[in-house]
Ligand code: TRH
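Quick setup: one chain, the form predicted alone, written in structure tokens, and binding and motion questions come after.
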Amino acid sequence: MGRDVNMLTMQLHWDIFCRVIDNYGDIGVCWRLARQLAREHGKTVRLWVDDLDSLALICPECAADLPIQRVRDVEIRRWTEDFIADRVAEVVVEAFACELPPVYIAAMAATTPKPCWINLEYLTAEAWSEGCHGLASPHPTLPLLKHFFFPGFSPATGGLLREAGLPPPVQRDEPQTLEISLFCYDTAPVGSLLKALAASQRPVVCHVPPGKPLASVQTALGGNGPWQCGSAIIQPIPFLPLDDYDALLRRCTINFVRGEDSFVRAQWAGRPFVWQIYPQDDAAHHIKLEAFLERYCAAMEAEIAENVRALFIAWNSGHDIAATWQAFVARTPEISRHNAGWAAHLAGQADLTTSLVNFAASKV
């Protein structure tokens, strides 16, 4: 017991570094992690962010003009080029290979005992990540080790972000109105989706947040909305704080999500979803998409799995989705049941934050 208490005391302070690349996905993951470390694990957390405007959109309590502030028991610091290393934490999380400030790395090397340095990688379902999870890499010139930590879909990885008390998916009768949330990149075939929604036999309400999703709709339809397209109302909505967005995902019949953060939250919501993976120039994202679909569709009825795969691939390839959309909508009750089971399966594994805390403790 004494050793456990000692490890907790030694690893009280955590620094998380985040560069905002994908507007909301990177900072969404880091903000969820920071507040969970503070709230559920009693850690003293500093979140270093280079773009407070993006954080303020998903956390309205954050003031984008303050260099230092405290929100939900997390100290938020603006990460600037003239970074000063006033203190080194016992655990340092370098989110998504964002590259720590050189002055901070030097301070880490001068600290005794050395901090636990973790590079939190992007989420992937690829099998190779299981073999790389937890591996250490020595710094080329300094007495430091960096450990690579992979989120994932199996117990051989770090798991997924999941707060304590997260509501489980609720099975319900399908409403008459098809309610959709649309969060996507500008490469998605949004025009094709809008045509399919306009031709729907059921009333449709499609919620579209600002940024790339709304810009894509405006390109297709003109004006600023809301728009009436046949059976569908296309409704612009403000950018929602994270918890409000999670509630929208649980409410909607179908959720279009993108990147990492909304992708994971859609799975906890248990509703049918269509994922657009972050596009890469070398088309490596298609390999990552196939790796996820292989896991996700493994327990599906063959016909449903075929339709789900076809829609995901069309959406990520920029192709017309008309041929697969109606079949997907028709099978939403079965997909919902599958997704509830999928969420329960994932929830049976350790959550990412707990896995990080336990991993760091093992390095003392």
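A residue's number is simply how far along the shown sequence it sits, counting from 1. Everything numeric in this text was worked out from a predicted model, so none of it was measured.
As for the form predicted in complex with the ligand, it is not shown, yet the points below apply to it.
4.5 Å heavy atom contact, residue 278 to the ligand in the predicted bound form: Within the cut-off, so yes.
Any non-hydrogen atom of residue 148 within 4.5 angstroms of the ligand in the predicted bound form: Heavy-atom contact with the ligand at 4.5 Å: absent for residue 148.
Contact flag, residue 24 vs the ligand in the predicted bound form, heavy atom cut 4.5 Å: Heavy-atom contact with the ligand at 4.5 Å: present for residue 24.
Any non-hydrogen atom of residue 236 within 4.5 angstroms of the ligand in the predicted bound form: Output for residue 236 is no: heavy atoms all beyond 4.5 Å of the ligand.
Stretch from 166-174, 76-84, 181-189, 106-114 whose residues place a heavy atom within 4.5 Å of the ligand in the predicted bound form: Contact-bearing stretch, as computed: 181-189.
Single option in 268, 273, 245, 153 placed near the ligand in the predicted bound form, where near means a heavy atom within 4.5 Å: Contact with the ligand in the predicted bound form is made by 245 alone.
Candidate from 241, 203, 102, 143 lying within 4.5 Å of the ligand in the predicted bound form - any heavy atom: So the residue touching the ligand in the predicted bound form, by this definition, is 241.
Stretch 280-316: residues contacting the ligand in the predicted bound form, 4.5 Å heavy atom cut-off: Going through 280-316 in order - heavy atoms within 4.5 Å of the ligand in the predicted bound form - there are no hits.
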